[in-house]
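This document opens with one chain alone, in structure tokens, the form predicted alone.
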Amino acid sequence: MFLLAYLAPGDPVTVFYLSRIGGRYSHAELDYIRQMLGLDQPIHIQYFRWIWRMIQGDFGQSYIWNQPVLPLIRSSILNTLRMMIPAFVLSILFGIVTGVISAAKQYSKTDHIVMASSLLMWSMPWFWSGLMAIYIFSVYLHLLPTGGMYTFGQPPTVVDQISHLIMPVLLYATSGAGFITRLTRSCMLEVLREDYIMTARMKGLKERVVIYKHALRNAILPVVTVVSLYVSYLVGGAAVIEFVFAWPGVGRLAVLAATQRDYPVVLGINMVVATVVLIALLIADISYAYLDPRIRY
């Protein structure tokens, strides 16, 4: 990550100071600024200094915002989590339920409708669906605000923030739900062909018990794996959603920092996102033992 960040053309001094201040600095002054920021050192020296500070909990100082990186990321990622968590829960619940219904009614009209809808939800790019949602619900129907976290000029309230969250959360949720629906259906169809499912039906168990108690628990393991990876997908898509809806989250912060060559912020966000993804994978691994009695740690 460190090497890729520094392979980008230009450096923070050239991009930030010359573009913002109009090139009024001399080369000697720019070299002095590089020396103050530690950018005049060889890249391996900069890397080991960054690693050593990061181990101690110091992610450095932002070049653009002139404040410590960690508090800057903390405030942004909390805003992103406000949008991601409800979208994550909705997409999982909706995707699993519709996937199970579609598998239980294979080749029926319900199955065809669910599969077509899930493909449409998964295929729509966020920047296009976001603009369409703004046009329909904000510009045309005047039901929801166009973007932002709160209404400008009004005191922040919970109701006002929820109204700003509705469109980005639903866009987040529908995209993930489409993929989870298709995966759940595929896994359920494989399990429903197993011998023990036929045995359960021959014993006279109700179809609801066969599907939700016996089939779903065994079909859910691949879904759990993909859902844990879905966290990184949501974080990656945060930049698009947050730019479309002007939401002050970590994705928007990452793009702004990258365009301004604010390396400490970019690296700090990458480390935080990588940690979140690893925690999600760890939770998925632990949940396997609960879902499948054959797995023990």
Partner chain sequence: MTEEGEKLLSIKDLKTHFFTERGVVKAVDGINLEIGKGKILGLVGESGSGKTVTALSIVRLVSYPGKILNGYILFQNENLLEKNEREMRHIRGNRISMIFQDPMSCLNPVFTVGDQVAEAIRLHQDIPRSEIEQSVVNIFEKVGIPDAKKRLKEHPHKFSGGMRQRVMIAMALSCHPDLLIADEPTTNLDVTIQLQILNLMRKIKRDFKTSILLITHDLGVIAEMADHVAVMYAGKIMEYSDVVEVFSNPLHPYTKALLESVPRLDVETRRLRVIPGTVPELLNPPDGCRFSPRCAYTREVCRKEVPPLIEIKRGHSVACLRMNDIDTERGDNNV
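Remember, it's a predicted structure, so these values are computed and weren't measured experimentally. Residue numbers count along the first chain shown, from 1.
Absent from the display: the form predicted together with its partner chain. The rest refers to it.
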(message) Test of understanding: in the predicted complex, would residue 214 fall inside 4.5 Å of its partner chain by heavy atoms?
(response) yes
(request) Indicate whether residue 150 is a 4.5 Å heavy atom neighbour of its partner chain in the predicted complex. (result) no
(message) Residue-level contact is defined here as any heavy atom of the residue lying within 4.5 Å of its partner chain in the predicted complex; does residue 206 satisfy this criterion?
(response) yes
(request) Indicate whether its partner chain has at least one heavy atom within 4.5 Å of a heavy atom of residue 110 in the predicted complex. (result) no
(message) Given a 4.5 Å cut-off on heavy atoms, tell me which of 169-177, 68-76, 192-200, 97-105 is the interface stretch with its partner chain in the predicted complex.
(response) 192-200
(request) Any residue of 165-191 with a heavy atom within 4.5 Å of its partner chain in the predicted complex counts; write them all down in order. (result) none
